[in-house]
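Next up: a single chain in structure tokens, the form predicted on its own.
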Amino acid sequence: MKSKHDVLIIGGGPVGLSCAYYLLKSGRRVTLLDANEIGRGSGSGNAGHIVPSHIIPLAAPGVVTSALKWMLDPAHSPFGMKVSLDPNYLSWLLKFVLACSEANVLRSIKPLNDLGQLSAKNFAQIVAEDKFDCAYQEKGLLFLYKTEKAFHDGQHEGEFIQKHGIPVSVYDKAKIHAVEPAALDDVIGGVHFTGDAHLNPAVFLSLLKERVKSMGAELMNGTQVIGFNSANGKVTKIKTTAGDFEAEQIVLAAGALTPSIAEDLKLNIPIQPARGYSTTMSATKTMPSHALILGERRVAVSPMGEVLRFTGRLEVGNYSMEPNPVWIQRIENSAREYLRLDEKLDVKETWAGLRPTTPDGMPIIGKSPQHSNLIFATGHAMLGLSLGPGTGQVVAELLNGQEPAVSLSPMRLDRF
């Protein structure tokens, strides 16, 4: 048995690293472990968008109809599903379909907005205070549209989001080409969420990892959790490939792997992986000047200093982290429909990662309903990076017995 730890964090992605950062700042001693390499998991290859504007959850009215339509156009569909009769998967799908309602959207907006705003403020503070050189830019997120219908829908969504205090600007054709010279001539308009930001996630996470190490965290790469022992409403032992651990407090921030890691805890944790892809290339001659979403194709574009990244696709139920070359090519093809790109791109990296997705599209943050010394910080879907520093702060506050800056009651595990 290893010596007793103060706080043991399982999972070294954006959420786990952010929890470590804020717990260390509050004076706690932290051990952070990851089955692979801390800071190099699914969070490192994503779009790097910091999006407090994303206050509408994944489970919303019309999503099921859109998904069925997309699946009739498999060559361009931003959405895919694994075919499986696994009971957990089928139960998740049913819960997801039932959650695609206006009631779910209205229930989710305030918690997502509060956590998103806190997180965006914390990103700006971390980057400034710790002098992180990670291509961080506060230039907003710009949606580009090529068809009247999609542009109209985008404006309608923008108006809805603006009512909740999010700054939004709508651009006609002349304005969109003035603000985004990389857009092709047939882009007819755009919607700009001006309070958003973006950065290079791999560089940010690498710097955050070094920062928590310098603050005294014990970092353990290649350490897989293989089970837990519990007694009297507490987790008494964490079993890992590096031996058994005891800890005063445990934070489970293992993303899409949370349900399999937590099997011994006998809790219902309805999380499915949603695989996404990215392709990263050297800077192009005409670099986009903003972080973009290509409206009709749902592809994210991220200029990150010396490199440019395209990110897309949401494949529910797939645990493979192997990039599918067909989809990498399709994502590039989609980008070419909107942007002036070099004839031949100098591709540096292709990637696939898993987003931990709950049926109602809200994260799971809060104490275990059955274990007084266990806190969950997982289920952020595509917003793991974006909501990381906000989640880190509220987890530290909760663990230290303080009132969290954001109400966590809508994010409790026992809502399911």
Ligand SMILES: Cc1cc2nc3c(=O)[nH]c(=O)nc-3n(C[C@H](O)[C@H](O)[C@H](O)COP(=O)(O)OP(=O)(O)OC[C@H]3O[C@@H](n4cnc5c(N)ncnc54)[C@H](O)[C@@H]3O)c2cc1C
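Because the structure is predicted, anything quoted here is derived from the model rather than measured. Heads up: residue numbers just count along the shown sequence, starting at 1.
There is another form of the same protein, the form predicted in complex with the named molecule; it is not shown, and what comes next is about it.
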Spot the stretch among 60-68, 364-372, 47-55, 23-31 with residues whose non-hydrogen atoms come within 4.5 Å of the named molecule in the predicted bound form.
47-55
Any chance L115 has a heavy atom within 4.5 Å of the named molecule in the predicted bound form?
no
Does the named molecule get within 4.5 angstroms of any non-hydrogen atom of G190 in the predicted bound form?
no
I'd like to check something about T311: if you look in the predicted bound form, is any of its heavy atoms closer than or equal to 4.5 Å to a heavy atom of the named molecule?
yes
Is P356 part of the interface with the named molecule in the predicted bound form - any heavy atom within 4.5 Å?
yes
Checking G276, G317, P288, G154 against the named molecule in the predicted bound form, the residue with a non-hydrogen atom inside 4.5 angstroms turns out to be G276
Which residues within 382-401 place at least one heavy atom within 4.5 Å of the named molecule in the predicted bound form?
M382, L383, G384, L385, S386
